[in-house]
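Below you will find one chain, with nothing else, as structure tokens; this is the form predicted alone, and questions on how it binds or moves follow later.
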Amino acid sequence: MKLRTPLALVALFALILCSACGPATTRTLANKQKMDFGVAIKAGDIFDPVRSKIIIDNFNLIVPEDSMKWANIRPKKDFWNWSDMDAMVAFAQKNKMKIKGHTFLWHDQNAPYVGSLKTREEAIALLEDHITTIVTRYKGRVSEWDVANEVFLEDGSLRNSIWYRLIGDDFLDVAFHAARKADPKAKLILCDYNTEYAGSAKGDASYEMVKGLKERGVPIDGVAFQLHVMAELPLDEEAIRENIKRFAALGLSVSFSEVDVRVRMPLDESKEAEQNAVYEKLAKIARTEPTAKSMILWGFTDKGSWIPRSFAGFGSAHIFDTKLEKKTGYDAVMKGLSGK
């Protein structure tokens, strides 16, 4: 005889399973959408019980905000400061998160000895050694790398960094080839700000540069739009989607990699509504574009935020407040991730 489970028993099992799952969070929604929802963190965050719980509960990817930048991880040519990065990688593994490395080639936060380089040969040797050493150490544990960061000026010309000055036009080729050789399976990314719009000087220059890299066989897998944006400036969703699609045509993914939405202070309800609209729209675009599926916040809390120091008169840029409590921006992101 075939047994039938009573309807009441089915309902009870469903209730038990539902209660075990707990309330939805940005992390559970991102997991459901098979997308990365990450955050840049400081080394001390993982040792603070309140901050670490917020990170674990709400994000499935972390990025070292400063710990991997040249001046911090290699302050002297023959001395490596591995402790912070090692701790973050271990934290990510323990909590079933991805970790993204940031960054190798940048014009800022370099150790003093980098500025003493004189020749193309010296610059290539140091850059290749730096990339190879780091990627080899974390091979198979760090899933993707911002190989190069902020290489363009606003007019679309290349920034006159020490790497560009000494190595020349193929400075990105050198960096990406070194990273690929050290870990053939890691995802390699070019990251910049104000490159999200097709039709802008900087956005178009980024696209043409990446297209050239692909045409000459440079192993680049994706681009990252930083998206440090102002709440008062509505997003041009069409231009962002157009840009994502043209990179997709090159076989590349796109990540929203350093998202924060700053508000001109003092904050009021209308400004908060503008901010929430931006957060929701970015989450929606990331969710619905098949080659995006990645949104990373540049910090989660207004407490100790970099925004007021860098943008006078602006603040309240994150989805948790100075008391580490959720703001309405958190709900806006949830709405964008869920599609509801």
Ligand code: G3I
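Since the structure is predicted, the reported quantities are computational estimates derived from the model, not experimental observations. Note that residue numbering follows the sequence shown and begins at 1.
Below: the form predicted together with the named molecule, not depicted.
Check residue 104 for me: does it contact the named molecule in the predicted bound form (non-hydrogen atoms, 4.5 angstroms)? No, no contact at 4.5 Å.
Mark residue 27 yes when one of its heavy atoms lies within 4.5 Å of a heavy atom of the named molecule in the predicted bound form, and no otherwise. Close contact is absent here: in the predicted bound form, residue 27 is far from the named molecule, nothing within 4.5 Å, heavy atoms only.
Find out whether any non-hydrogen atom of residue 109 is located within 4.5 angstroms of the named molecule in the predicted bound form, and reply yes or no. So residue 109 counts as contacting the named molecule.
Check whether residue 272 has any heavy atom within 4.5 Å of a heavy atom of the named molecule in the predicted bound form, and answer yes or no. Looking in the predicted bound form, residue contacts with the named molecule do not include residue 272, since no heavy atom lies within 4.5 Å.
Suppose contact means a heavy atom within 4.5 Å; in the predicted bound form, does that hold for all of 207, 211 and 291 with the named molecule? Not one of the three qualifies.
Counting non-hydrogen atoms within 4.5 angstroms of the named molecule in the predicted bound form, say which of 48, 280, 65, 57 makes the cut. For this set of options, the contacting one is 65.
Going by heavy atom distances of 4.5 angstroms or less, which of 253, 149, 243, 194 would be at the interface with the named molecule in the predicted bound form? Exactly one listed residue reaches within 4.5 Å, namely 149.
Where, among 197-205, 91-99, 114-122, 226-234, do residues come within 4.5 Å of the named molecule in the predicted bound form by heavy atom distance? This holds for exactly one stretch, 226-234.
Stretch 294-332 - residues with a heavy atom within 4.5 Å of the named molecule in the predicted bound form: If the 4.5 Å heavy-atom criterion is applied to the named molecule in the predicted bound form, 294-332 yields 298, 306, 309.
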